[in-house]
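This document opens with one chain alone, in structure tokens, the form predicted on its own.
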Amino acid sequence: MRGALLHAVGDDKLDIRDDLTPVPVGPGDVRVKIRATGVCHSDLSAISGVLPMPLPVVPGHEGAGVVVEAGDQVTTLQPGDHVIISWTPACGACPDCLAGQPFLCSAHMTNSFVTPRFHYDGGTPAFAMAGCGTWSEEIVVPWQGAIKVDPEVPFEAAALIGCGVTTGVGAVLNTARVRPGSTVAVVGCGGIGLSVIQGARLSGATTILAIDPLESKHAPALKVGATHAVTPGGLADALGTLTGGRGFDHGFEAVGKSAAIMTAWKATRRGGDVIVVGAGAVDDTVPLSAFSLLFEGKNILSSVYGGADVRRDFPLLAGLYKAGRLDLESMISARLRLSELNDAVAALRGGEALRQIVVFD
């Protein structure tokens, strides 16, 4: 089958090949034919080495498709089911799962670093990003990593729910728990930032400020729910105009950079919440003083996968999409074929792209 392979961190080009083979389906696995997959900034982070992955690896973790085979012990899925791929399958038995935090479950994620999920070139093993590898025509994942979804939801929208939308909307609904009447600032207006903005709109925030250095991203942010948009250089004026200099109740960082976290910190009022949503590098340190951490009274919250229970939240978000409450179409800046993935990665590096979707035949 066709797929994209990364041989070494920092490679300029992915190896687009047609001899990938997924591992056999185990008793608790399902084989999924991918119909659509997103090109997420986390994929770029894996390619550049910011997010460590075993090599060689098939990138991609944001996808949706159809079950074509189920293992003998799988009782909740069957061939023909439409599913969204979850890159953090919840085992249901570890302390994190039992504590109601399935988004922190590492059981299957840890296994993805030691167990190849593909073979190529006559038997050479290859790993799958986060155990998924959705930049290929078919994947084999634990049944917990394939969440059944209403077949009326288009595969492109379902794929977005698999990562960006759940991460962004979930950060608002599950992590920050934004209340009606709140004020919100969002740093970064890519796919995740636009999802945060939509979550803030759904939560009834009255003022939603989108902050991005690229003015081309301001119009999409305003379209999906932001009330105002500025570059980082305009933040000081926006703080005065929109909050009387007090700051916003919630500041979301959706970039994965310490500078963006500090922008969110500056945008947030004393006693407010700073929510870190972007996936950053191990060596990127946030320069906060002990004095500020205590006396400004701000809460720093990490939002891993939007604090989601995907078994609950994937269907919930799909329902919001069907009801016209989530605008996912406006988040898609391009639809591509698998052969165009290198162009998609280049566009992502350039910063202009929102969410590019690879559509499979």
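In case it trips you up, residue 1 is the first one in the sequence shown, and so on. Computed from a predicted structure; not experimentally measured.
Although not depicted, the form predicted together with a small molecule is the subject of the following passage.
For the candidate set Ala146, Val255, Ala226, Val274, a heavy atom within 4.5 Å of the small molecule in the predicted bound form is found for exactly one residue, namely Val255. Among the residues Val184, Val187, Ile161, Ile139, the one placing a heavy atom within 4.5 Å of the small molecule in the predicted bound form is Val187. Of the stretches 284-292, 150-158, 111-119, 206-214, only 206-214 has residues with a heavy atom within 4.5 Å of the small molecule in the predicted bound form. The shortest heavy atom separation between Ile197 and the small molecule in the predicted bound form exceeds 4.5 Å. In the predicted bound form, no heavy atom of Phe248 sits within 4.5 Å of the small molecule. Among residues of the shown chain, Cys40 is one whose heavy atoms approach the small molecule to within 4.5 Å in the predicted bound form. Put simply, Gly191 is close to the small molecule in the predicted bound form: some heavy atom of it is within 4.5 Å. Each of Trp87, Gly278 and Ser303 is positioned with at least one heavy atom within 4.5 Å of the small molecule in the predicted bound form.
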